[in-house]
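Take a look at the structure tokens below, where one protein chain is shown in two forms, each on its own, as structure 1 and structure 2.
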Structure 1
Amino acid sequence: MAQQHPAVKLTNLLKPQIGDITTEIEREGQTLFGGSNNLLSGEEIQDFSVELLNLFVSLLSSKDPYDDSSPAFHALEIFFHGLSRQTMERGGRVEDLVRYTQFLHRLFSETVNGDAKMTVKDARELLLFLSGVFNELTMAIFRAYLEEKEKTIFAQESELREVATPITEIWDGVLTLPIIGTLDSNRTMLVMESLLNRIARDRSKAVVMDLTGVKNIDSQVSHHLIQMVRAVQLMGSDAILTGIRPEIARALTSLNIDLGDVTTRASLSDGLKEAFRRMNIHVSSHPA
């Protein structure tokens, strides 16, 4: 008589208990994701419990259940990835997903251990197989968790970028750009892009870039700064740098940065006055 594959034996073990196992899976799903947790509805839990079991049985009945690159295994991974994303998007915790995987692992292991006819060799092989499968599925959960976190970080970065380029039209044709923090290549590109598009859109004749919020400067930052000034001038606008702190001025000289052809003023208000002067705008107070 031909030797039966351990995976086939596990399938045969699962078949008569399929109803009970589905109920168990559903119950655990309800505890972790349903009820007051409110991550999945009762119907969703019921659906995914049936789907999970179907996918698992498909893996066991596949040509080589041990092959973690098989379509059946991949389908199971995708299922877990999707479930993880869905619950995490709704505020679920990664710990609960891992606990759920551990529960499934335990449930199937108990099925193997509960069979009196199973040889030690087969049982050992099946338990190892289950460990391998559930380790991979745990990794799928962590991959989804990381993707979700990256998505959040990306969204936060994008929001931060928007507030990092507060370009304001302070007067008709005069833009101000307070630069706060460090100018790295990415941020420079972003600021330049917004600034140049704004100049083109508003036909701004002067841009006052205020560096009061720049705490320190290195050769890269100063290079980016010069690049921004150049781009503004090429557009046909006047660029005025203001708020250069003493330590920044000292750093610029030690870096051999020549600001000879760049207009600088001590403060933002001086910069605005210079912009007005160039545009022949006179601001004066009238006695009441």
Structure 2
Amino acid sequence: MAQQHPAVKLTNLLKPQIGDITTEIEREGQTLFGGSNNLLSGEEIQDFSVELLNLFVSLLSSKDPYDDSSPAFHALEIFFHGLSRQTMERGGRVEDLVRYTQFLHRLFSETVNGDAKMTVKDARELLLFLSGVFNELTMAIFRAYLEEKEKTIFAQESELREVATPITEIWDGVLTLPIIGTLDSNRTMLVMESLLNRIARDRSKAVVMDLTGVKNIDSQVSHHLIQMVRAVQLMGSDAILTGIRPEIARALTSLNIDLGDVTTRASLSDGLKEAFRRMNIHVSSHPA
């Protein structure tokens, strides 16, 4: 008579206790994700508890339960990854997901240890198998956690780009770009990308770039700045630089940056007047 595979023995152990085990899984899910936490509804917890147990039994019943590249293992891994993402998107903590995984590991290990008929060899093999499975599932949780973090960081970077490049359409066809703070190479490239996209979108005819708030400038940034002006011109818009302070002017001169064919004005107000003049826009004040 062929000897039963340890995984088959575990399946046979679980089947008579399936109702009690499902109840325990639901109860732990309710403690960590339901109730006062209110991350998942009672129905959601019930559904994922049943699905989890079915996927685990499917893994045990598969051709090779120890193969972590098998479809059955992959399905269990995808389930944990999806549960982790869903929970964290609703404000759940990665610590609670890890605690849940540890609970499941403990629950199945106790089932193995509670069988008096199982040999020491089979029990040891199954406990090692369970450790391997739940280590991989913990990794799936952390992968989901890192993905959520990356999404958050990307969203924050997008917000920072918007704040760092406050491009405003001051008039139909006239954009203003006040640049404030340190203008390093990375930020210059971000500003250029946002500006050119905005010109293309709005079909702007003039861009007034105000440098009043720029603290310092280096040779690389100077060249990027000139490239930005040239790119604006290539897109059919007039580029007007304003607010070049004396120290920035001296730096540009010492770096041999030629602004001879670039329109400059002392202030943002003067730059806007120049942009309006070129577009034949006449703005007049009327007494109240």
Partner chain sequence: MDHTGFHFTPVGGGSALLEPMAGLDIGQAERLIEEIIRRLQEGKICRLYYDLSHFPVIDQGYFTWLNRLAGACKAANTRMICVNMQPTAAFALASLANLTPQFETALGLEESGKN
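Only the largest set of C-alpha atoms that superpose within 1.5 Å between the two forms is called the rigid core. Treat the numbers as computed from the prediction; the structure is a model and nothing was measured. Numbers follow structure 1, counted from its first residue as 1.
Only structure 1 comes from the form predicted in complex with its partner chain. Relative to the superposed core, Glu24 undergoes a C-alpha shift smaller than 2 Å between the two structures. The two forms, fitted on the rigid core, differ between the two structures by less than 2 Å at the CA of Asn12. For Leu97, a C-alpha deviation below 2 angstroms is recorded between the two structures after rigid-core alignment.
The Cα position of Arg230 changes by 2.9 Å between the two structures once both are aligned on the rigid core. In this core superposition, Asp172 moves its Cα by 8.0 Å between the two structures. Comparing between the two structures on a rigid core frame, one finds that Ile248 has its C-alpha moved by 6.1 Å.
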